[in-house]
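Starting off, we have a lone chain in the form predicted alone, written out as structure tokens.
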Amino acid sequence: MILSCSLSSVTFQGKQILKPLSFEVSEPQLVGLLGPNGAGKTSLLRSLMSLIPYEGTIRIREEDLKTQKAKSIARAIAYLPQDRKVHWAINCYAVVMLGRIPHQPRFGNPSQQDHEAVKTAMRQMGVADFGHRPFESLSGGEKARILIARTLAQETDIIIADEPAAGLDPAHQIEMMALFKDLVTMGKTVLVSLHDLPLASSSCDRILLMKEGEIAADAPPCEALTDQLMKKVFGISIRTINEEGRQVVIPVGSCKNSSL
């Protein structure tokens, strides 16, 4: 088992933000986490990193997350949050090198392996020539690509990305998802929060569909992204097209003011 999650509750400031839910990942997959704003996607992802308190059990490779130290968790799971801020005035190479901290001794200098991991990650994201540029000088999309490179440089078996497509142009969104799919073929598991239904349906192996702090569906895209479920969860109608053997979901209208 790569990842096992069984939560009974997650609360914040006395309010329950996640209800009982469970899922498992037993083989490398690209898993899309979808749901409307406020459905609990970010809270679930932060729980999987032990960044917020939770009631229940989360296991990575059969090891209970609550028994692991932060550095051990960071060597197992790389987390890309929505927040794209870097709180130091450093260049892009140094930002990506931050992903190597879990692999370095305390107060140690980066090794040759660290530098190779950083260079490889930056090449993968098409930012190999950004190394000396100040991070704050970049556009939003460029910052996103640098931070994804930082996540890749961490070289973990599990990658969790919270809305990594936000701010990227369509070409880089497609390239990012293609990269995630390549990582799955290399034995990694990628759990990614998305709002783009066509991107999710065309790229993901599996969809976790969330509504009001619960999992409304856990299935392949063709079973999770149905017209009935899209009306129930998002209040929209959809149509599907076949693209290279996959069903791609396209939103076509809102049902929120109808009787559905």
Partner chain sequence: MTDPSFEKRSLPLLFMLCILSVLLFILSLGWGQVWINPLLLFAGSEDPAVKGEYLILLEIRLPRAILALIIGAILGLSGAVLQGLLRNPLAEPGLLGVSASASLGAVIALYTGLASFSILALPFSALVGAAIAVFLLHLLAGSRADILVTILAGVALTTLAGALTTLILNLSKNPFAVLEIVFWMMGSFADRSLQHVWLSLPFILIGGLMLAFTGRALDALSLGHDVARSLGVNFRRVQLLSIFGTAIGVGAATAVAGAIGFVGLIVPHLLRPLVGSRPSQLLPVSAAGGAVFLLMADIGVRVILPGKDLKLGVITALIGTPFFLWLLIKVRRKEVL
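Numbering follows the first chain given and starts at 1. Take the two forms, superpose them, and find the largest set of C-alpha atoms that agree within 1.5 Å; that set is the rigid core. Predicted, not measured: the structure shown is a model, and the values here were computed from it.
A second form of this protein, the form predicted in complex with its partner chain, is not displayed here; the remarks below concern that form.
Here the chain is shown alone; which of Ala144, Met125, Ala161, Ile77 has a heavy atom within 4.5 Å of its partner chain in the model of the complex?
The option sitting close enough to the partner is Ile77.
Using the partner position in the model of the complex, report whether Ile174 sits within 4.5 Å of its partner chain, counting heavy atoms only.
Ile174: no contact with its partner chain in the model of the complex.
In the model of the complex, is there a heavy atom of its partner chain that lies within 4.5 Å of any heavy atom of Arg206, even though the partner is absent here?
The answer is no: Arg206 has no heavy atom within 4.5 Å of its partner chain.
Would you please decide whether Lys211 lies within 4.5 angstroms of its partner chain in the model of the complex, comparing each non-hydrogen atom pair?
Answer no; every heavy atom of Lys211 is more than 4.5 Å from its partner chain in the model of the complex.
Cys222, heavy atom within 4.5 angstroms of its partner chain in the model of the complex
Looking in the model of the complex, residue contacts with its partner chain do not include Cys222, since no heavy atom lies within 4.5 Å.
Quick one: which of 28-36, 41-49, 212-220, 231-239 gets within 4.5 Å of its partner chain in the model of the complex, going by heavy atoms?
In the other structure, the partner sits against 41-49.
Tell me whether Ala70, Pro81 and Gly131, taken together, all sit within 4.5 Å of its partner chain in the model of the complex, counting heavy atoms only.
Each of the three qualifies.
Core-superposed C-alpha of Ala178 shifting 2 Å or more between this form and the one not shown
Not so; Ala178 is displaced by less than 2 Å.
Thr120: Cα shift of 2 Å or greater between this form and the one not shown (core-aligned):
Yes, the C-alpha moves 2 Å or more.
In the model of the complex, shift in Cα separation for Ile174 relative to Asp83, 3 Å or more:
Residues converge in the model of the complex, at least 3 Å closer.
Work out whether the Cα atoms of Asp83 and Gln173 come closer together or move farther apart in the model of the complex than they are in this form, the change being 3 angstroms or more.
Relative to the displayed form, Asp83 and Gln173 draw closer in the model of the complex - a change of at least 3 Å between their C-alphas.
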